[in-house]
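One chain comes next, on its own, written out as C-alpha cells in the form predicted alone.
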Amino acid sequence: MALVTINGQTLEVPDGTNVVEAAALAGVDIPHYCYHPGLPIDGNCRMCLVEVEGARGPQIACNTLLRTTRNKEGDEVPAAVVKTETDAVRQMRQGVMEFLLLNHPIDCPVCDQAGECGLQDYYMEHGKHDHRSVVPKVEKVKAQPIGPNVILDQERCILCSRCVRFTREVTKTHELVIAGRGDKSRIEVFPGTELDNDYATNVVDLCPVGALTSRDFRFKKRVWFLKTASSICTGCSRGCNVHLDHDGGKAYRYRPRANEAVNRWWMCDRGRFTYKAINEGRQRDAKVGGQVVPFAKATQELRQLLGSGKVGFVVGAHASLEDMAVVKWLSAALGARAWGLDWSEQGKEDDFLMKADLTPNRQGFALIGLDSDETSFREALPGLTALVTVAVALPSGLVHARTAALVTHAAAAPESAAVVLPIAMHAERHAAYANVDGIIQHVEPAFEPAGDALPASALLALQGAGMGYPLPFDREGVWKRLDAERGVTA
C-alpha cells in the first residue's frame, strides 16, 4: 500500500494506483478526457494536470503512479503530495479547455450528447473563457455512418483516442485509427472496413463528447428527461450490469454499468438492444379462454386450476429467483410437482462476455432446487389435471389442455391456454438473478409494470394465500425465507 497526500488529506491506496483514482477515493474529482480505467493510459488530453510537490513542472494525474515510498529511516512517507485546486492548476485546465474548443463546432443545440457531454460540463467548471481565435474553424466530415450502430462526427472529436484504444486493446479488431497530422488529425475507420464488431457501440459510451453517437438512440430523447435505474441485461446468462435509462414508462437504452466481477465496463451489442423487449409485444391484459377479462376473474380461474387435482408447474430461466422460490413453495403446499425448464434458442458465444445461453437465470434452477429433468416432465405431463407455466414458452407438443400461462410477452402464451396472466419484467420490479458464474445480482424497478402485470412471485403468493397457504409475496419476505432455508443469518 502507498501513502498519498491530496490537497492536505493523506490516505492509503494500493500500489500502482494513479492519482486520478486516488483522488476519487479522497472525494476529489480530477477532470479528465482520455483516461479510462478499462483502457491503457494514453495521457494525451492534459486535462488532468496537477501540481506534485518536488516534481519539475505540472504532472498528468492519470500517469502519476503511486508506490510505497520510505525515507532514509525506513519510515513510510507519501509517494506524492498533490495539489489539484491551485491557481496554476485552474489556469492550466482553462488553457486546455480553450485549446480543445478552438475548432469544436457550436453544435450543442442539435448534438445528441448535449446534457451528458464532458466538454459542456468541464467548460462550466474549468473553462469559462472568451474565444480568442480569429482563424476559421477547421471543417471535417460530419454525421458519417461508420458501422451499423455508430455515427461519427469528426468535427466534434477531441482526439482523446479512447475509441481507438478500445478497438485495439479490448476487442482487438483495430477498426478505428487516428489519421492525418496537426489540426487535420481525425478519427477514421481503417480503409476497407467498418465498425461492426460485437461490442462496437461501447465506443459511444466511451466518447466524452458528441463525436460518436448511437444510431439506435440518436435523437430519440434528450437525456435530461431520462431517469436511470440500476439493472442487468437479461439477453444472456452473463447478466451484464447496466444503467436502464427510461422515461414515461418506456425504456430508451441500456448503458454498461461497471462491475469488475461480471462485465467490467462493457457489454455486447446483442444484449444492449434487448431493452426493446421491455417495450414491445407485452402481455398487458388477463385472458380466459382467449378473451380479455378483468384481472380478478382471471385470478379466480387460476385458483380453480390450482385446486383441480394433480397440478404441475414449469418455471423458465427468464423468471427471477423470487419467482422460482414461490413456485417451489406453492407446489410443495399443493402437493404438486415443479420443474425448472427452458427451451430458449442458443446464441453466439465468445471468450469475452457473450454466452450461448440466452437466458439470465438458468443457474437459479439449481440454486432454488427445482427439477430440471425434461424427461420426467414429459412423462408426467399426460397425468396432470392442469399446468401452470411461469415466464416460459412451451414447445407446441408440450402444451397441456388446461394451461395457465403467466407471461411477460403475448407471443409466449399458447393460443389454447385456458388462462393467461401478465407478469412483470425485470425492469418493473425488485428481483434477483443468478448469472452463469452463480453470482446473484439484484435489480431495481425503473417504472410500474405494463398493464395489469404483477411480479409472478407476488401473483402466485397471493393465490396461495387465498387457498390457505400463506407465502411471502414481497422481496424481503421471500429472501428472509430463502436465507433461512440456506442457513444464512443476517
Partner chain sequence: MTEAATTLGPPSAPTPFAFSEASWTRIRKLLTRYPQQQAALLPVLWVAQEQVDADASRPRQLTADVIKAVADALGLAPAYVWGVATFYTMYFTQPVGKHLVEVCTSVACCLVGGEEIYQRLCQRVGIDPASGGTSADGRFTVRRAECLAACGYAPMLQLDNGAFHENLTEEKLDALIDSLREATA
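Residue numbers count along the first chain shown, from 1. Since we're looking at a predicted model, the values are computed, not measured.
Below, we refer to the form predicted in complex with its partner chain, which is not included among the displayed structures.
Tell me, please, which stretch of 75-83, 280-288, 250-258, 173-181 lies within 4.5 angstroms of its partner chain in the predicted complex when heavy atoms are compared? Stretch with heavy atoms near the partner: 173-181.
I'd like to know whether E188 contacts its partner chain in the predicted complex, with contact meaning heavy atoms within 4.5 angstroms. Within the cut-off, so yes.
With a 4.5 Å heavy atom cut-off, would you call I146 a contact of its partner chain in the predicted complex? Close contact exists here: in the predicted complex, I146 approaches its partner chain to within 4.5 Å, heavy atoms only.
Closest heavy atom of A336 to its partner chain in the predicted complex, within 4.5 Å or not? Although its partner chain is absent here, A336 would stay clear of it in the predicted complex, with no heavy atoms inside 4.5 Å.
In the predicted complex, L195 touching its partner chain (heavy atom, 4.5 Å): Flag for L195 set to no.
Can you pick out, from K276, R222, R218, R378, the residue that has a heavy atom within 4.5 Å of its partner chain in the predicted complex? After the contact test, the surviving option is R218.
Can you work out which of K142, K227, K297, K348 has a heavy atom no more than 4.5 Å from its partner chain in the predicted complex? Contact residue from the list: K142.
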